[in-house]
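Both blocks below hold the same protein chain, though in two forms, and each is given as structure tokens: structure 1 and structure 2.
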Structure 1
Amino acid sequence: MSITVAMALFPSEAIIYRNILKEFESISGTRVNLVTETYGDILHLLFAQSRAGRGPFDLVEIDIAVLGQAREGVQTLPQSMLATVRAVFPEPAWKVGIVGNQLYFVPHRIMWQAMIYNRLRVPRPPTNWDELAQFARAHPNKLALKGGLYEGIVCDAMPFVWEAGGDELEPTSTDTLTALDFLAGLGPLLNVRSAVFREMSVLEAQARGEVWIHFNWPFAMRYLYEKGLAPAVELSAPVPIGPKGRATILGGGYLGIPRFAPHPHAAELFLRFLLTREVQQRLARELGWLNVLPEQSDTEARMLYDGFIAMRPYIRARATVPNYTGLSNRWQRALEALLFRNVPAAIAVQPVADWVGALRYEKSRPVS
């Protein structure tokens, strides 16, 4: 028997991953055909298989941001799997795969953001919002956000909203506006390329010394380490704490079994293999994933990822709504207007508020 699995792996990751698959193939006698696609393409493939009522995929990896949209295309998973998931992953990570009492998705790789800083230029990284603002005023152009018109701008901004007590589904609340006003104050002080920065471009700017502080995912430390810049120059630190606590955004891929998977039972066995602590530790060690990072004993690894380890108790998932893309697109435009076009917060978020209002109206309508 063989199963076909679609995952959003980089080519270098896929080579390592295939070596891990060999262990499962040896134990189970089941061959795993690994197909690598982007998260967006995997979502399209899942929907195509669902519409057709047939297809080749037994297991798919879905971006956490669109789990609400993808849920209709996957089967529910056995409740017995929940205990295993809970033993491996922190609560916010496994809870996002549950709707009601049903488990639809399990974490595959989880990650969250921390602050990346130049320890030579910034010997004491900012620990709170006031210190971050002081840094920005003292060093214009050295703080950066991933401000390109894409999901990254939401990932950078939303932890500030949460740290103020706000919520992405409450865009006009006092707490949310407090966070947005703070970000608006940082806008003119940001690196001028923030309006187009994405994960890699801002990281490369940090590596060149153009940026001294930005927020990014754990792959950033691996990239800097391979360039010889970490930990000698670059390190990670917690996201500066806000007026109502600390928060970081949860990211990563989740696995689900499509409704019309040809071999759902074999796919379930493969899922259970991936969820073993031994395999999770291997994924963390060989691919640099954060899944079980706090258990790593390597001193240099802990030094590199210190900020990420510190943020583990404060991870938070984005809203799981049926059309997250619609919500995100409106937040992206609102944040772009706020940060780079000086549009007041209350005005910038009004399209978000209108969208959320329409969503709630649809939910409240009686079914005819």
Structure 2
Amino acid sequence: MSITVAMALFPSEAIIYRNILKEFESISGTRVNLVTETYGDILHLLFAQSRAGRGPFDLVEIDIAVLGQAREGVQTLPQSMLATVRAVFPEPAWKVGIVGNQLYFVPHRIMWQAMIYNRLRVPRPPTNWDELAQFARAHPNKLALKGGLYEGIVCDAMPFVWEAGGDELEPTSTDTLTALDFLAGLGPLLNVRSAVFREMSVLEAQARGEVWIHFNWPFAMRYLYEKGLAPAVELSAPVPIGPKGRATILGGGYLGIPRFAPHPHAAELFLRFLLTREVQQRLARELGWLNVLPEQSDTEARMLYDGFIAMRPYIRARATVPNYTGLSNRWQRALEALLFRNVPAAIAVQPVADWVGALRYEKSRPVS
């Protein structure tokens, strides 16, 4: 028998991941056909399978931000699996897989953002907001945000909002506006291509030396390491601390079993295998995933992921609203206006405020 699994892995990650799969294949006698795609494509494949009533996939990896949308495409997982996930992952991470007491997704990797900086150009990376603003003023065009119209702009901006004591569901609160005004001040100083940057393109710009500081996920360090650029040139540091403390955004790949999966039981067995402590440690060691932090003795990994390790206590999950994408889309537009079109914060967030207001009204209505 063989099961088909779709994951968003890098080419080099896929090679290592396939080796880990071999262990499962020899224990279970089930072949694992690993298909690597981008998160966006996997989601569309999931929908196609769900709409058609049949399809090839037994297990799919979904980005944390779209778990809400993806939920209708997957089956529920047995509650017994919850104990296993709780033993491995921190609470904000496993909680997002649960909707209304039902478990739909379990993480097989979690991550969060940190600051990536060019140690040759920036010997002392900024540690707080003031220093970050100072850097941006001293080196215009060298600080970048992932400013494309997609979830990434929210991932870069929301930690600032949280660090000011704000909240994505309170767009017009004083604290939120403090953070937004700070970001608006950075806007004109950002690298000119920030308006189109996404994870990969901003990382490429950093590797080429066009950008000296940006915020990204741990995979960035692995990418730079493979190119011979980290730790020699590029390192990670904590996100600069804000007026009310530190925060970073939780990300991750969550696995779910699609509806109409041809082999749901085999897929479940595979899931349980992935969640064992041994496999998790192997993933951490060989792929640099931060599910489990690197050992004290592993000095190179500790150096590469320094900034990420420091941010682990400050992980925060995105808002849990039924239609997170709807909220995110409005935030994306608001941030785009704020950063790149000089629209004042109070005006830019109005559509977000309207959306949240409608949500509250919806909730407060008595059920008939």
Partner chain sequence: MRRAGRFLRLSCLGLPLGFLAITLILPLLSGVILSFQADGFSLENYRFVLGDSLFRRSVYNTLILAAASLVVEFVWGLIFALLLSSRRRASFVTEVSVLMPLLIPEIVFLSVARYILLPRGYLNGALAAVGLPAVGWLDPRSALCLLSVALVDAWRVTPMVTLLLLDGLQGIPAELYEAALLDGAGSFAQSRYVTLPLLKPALYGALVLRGVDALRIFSTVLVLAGPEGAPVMSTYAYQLWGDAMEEHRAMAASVLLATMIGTLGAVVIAFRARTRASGGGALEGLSG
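FYI, numbering is relative to structure 1, first residue = 1. The term rigid core refers to the maximal set of C-alpha atoms that superpose within 1.5 Å between the two forms. What you are looking at is a predicted structure, and each value in this text was computed from that prediction instead of being measured.
Of the two forms shown, structure 2 is the one predicted together with the partner chain, while structure 1 is not. Residue displacement note: residue 327 has its CA displaced by under 2 Å between structures 1 and 2 (rigid core superposed). After superposition on the rigid core, the Cα atom of residue 307 is displaced by less than 2 Å between structures 1 and 2.
Taking 2 Å as the criterion, residue 196 does not count as shifted between structures 1 and 2: its C-alpha moves by less than this amount when the rigid core is aligned. Taking the core as reference, the C-alpha deviation of residue 18 between structures 1 and 2 is 4.1 Å.
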